[in-house]
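Shown below, as structure tokens, is a lone chain in the form predicted alone; questions about how it binds or moves come after it.
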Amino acid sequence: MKLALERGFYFPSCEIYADAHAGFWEYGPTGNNLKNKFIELWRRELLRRDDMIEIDGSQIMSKSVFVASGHLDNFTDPIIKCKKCGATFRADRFITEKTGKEIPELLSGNEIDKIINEYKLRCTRCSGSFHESERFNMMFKVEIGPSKEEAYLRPETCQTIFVGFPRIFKTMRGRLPLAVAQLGKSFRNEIAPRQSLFRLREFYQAEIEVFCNPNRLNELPKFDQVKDTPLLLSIKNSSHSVNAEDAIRKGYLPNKLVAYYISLLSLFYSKTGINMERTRFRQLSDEEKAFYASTAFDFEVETSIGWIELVACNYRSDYDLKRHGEISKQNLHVIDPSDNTKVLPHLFELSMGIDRSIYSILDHSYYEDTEAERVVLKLVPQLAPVLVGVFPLVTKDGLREKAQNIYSELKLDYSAFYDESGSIGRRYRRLEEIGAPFALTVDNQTMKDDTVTIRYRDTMLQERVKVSEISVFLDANK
């Protein structure tokens, strides 16, 4: 957290004001660069690799959308309020923190009250007793126009994909399976936002919804491209290290379509610098998964604050299109040209939390080198906010001008950074703390033979490279 605040990764929104609300964070310049590179990697390794379609939908949607989706009735969390001081707590987390007992989010109010009474739990602020538990809807309500028509900020990006499906399928001459992706902000009025980017009220999501024919889930020739992908599956508290093909054969995954997209997701995260040995696809229990999900896995990563969910992988059946069809009175069936049958597509989704992913990447990349007395972010080059720093050893004898010329040539094609302030050692340390893998130094020898020193972040080793070959070096290492 200290590094994130001091090096411009992220910081609380409106932090100069006393009435700033929790759960809202802003990316600084360094963090924004990292986020943008992560998103570009997501687009390259998932969207372009699979020929997905990407849309950009509205963040404010009509009330009818959320009547159909069930959010207005069911998008709730349990809360308890203190009778004495009025403090409010999210009930399931409060119970878990105080008792160690894992509480399902969908546990009934009577069962929550029974547990609170059984353990004689009291308010942590004033030791008062609690009112009976309630359900709190996490939707942000907004008013449209002078007539103040009711609408809502979307709590997830996928609803835009669902309601736009008929036009998307028609205009893009769709064929099933059709994967539609969307990146954007979602909004949830969290009861207890915490751990900076981990649980937010305003956050980035990257969602992929695969519209598919439920009768042809194993007719997927491109599965052969990923059949050997290693997967770590956690099923009923038992871990299974298998490849995608064996996961289907052993019944851990239901079909090729699900296995294919889970494999793509695993391959993507393996390129982010996250330690894949500290990840898992955890199958959700019947109590945890949504009622419409026949298959539900969470892609989770172990961090310094424990295991956290990065991606929800749900087979949603035909629930979404069926509900939107019923409420809108529109026919959302399509013709599958593969067998010329009329079908209401089922959906398999990969719902990714961008901010949580950034948090996890920073967590896995953070390294304290006690021997060298330095802090290093060992970010993979393709995600590093700065790929290369350009430094003149001193600012005289033409070194400053030479370094500035090199920087001017590099900055249009690479994320480069110029710094001439302070000792060269201090400049190296600043660069290492934001994860830049290379530091390029212009020194006196540069003026003699037109070579520069390139220093490696992780090993601190150096080598000489001709100025004319700097781009070749960066292209080979980025």
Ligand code: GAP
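In this text, residue numbers run from 1 along the sequence as written. The structure presented is a predicted model; accordingly, all values stated were derived computationally and were not measured.
As for the form predicted in complex with the ligand, it is not shown, yet the points below apply to it.
Visitor: Using heavy atoms and a 4.5 Å limit, would one call Tyr319 a contact residue for the ligand in the predicted bound form?
Guide: Result no; Tyr319 lies far from the ligand in the predicted bound form.
Visitor: Looking in the predicted bound form, any heavy atom of Arg199 within 4.5 Å of the ligand?
Guide: The answer is yes: Arg199 has a heavy atom within 4.5 Å of the ligand.
Visitor: Give a yes/no on whether Asp92 approaches the ligand to within 4.5 Å in the predicted bound form, heavy atoms considered.
Guide: Contact with the ligand, no.
Visitor: Report yes if any heavy atom of Glu156 sits within 4.5 Å of a heavy atom of the ligand in the predicted bound form; otherwise report no.
Guide: Although the ligand is absent here, Glu156 would touch it in the predicted bound form, with heavy atoms inside 4.5 Å.
Visitor: Please name which of the stretches 271-279, 125-133, 184-192, 325-333 has residues with heavy atoms lying within 4.5 Å of the ligand in the predicted bound form.
Guide: That would be 184-192.
Visitor: Which pick from Cys212, Ile161, Leu383, Val311 sits with a heavy atom within 4.5 Å of the ligand in the predicted bound form?
Guide: Selected residue: Val311.
Visitor: Considering Tyr261, Tyr152, Phe391, Phe203, which brings a non-hydrogen atom within 4.5 Å of the ligand in the predicted bound form?
Guide: In short, Phe203.
Visitor: For the stretch 342-361, return the residues whose heavy atoms include at least one within 4.5 Å of the ligand in the predicted bound form, in the order they occur.
Guide: Glu349, Ser351, Met352, Gly353, Arg356 sit within 4.5 Å of the partner.
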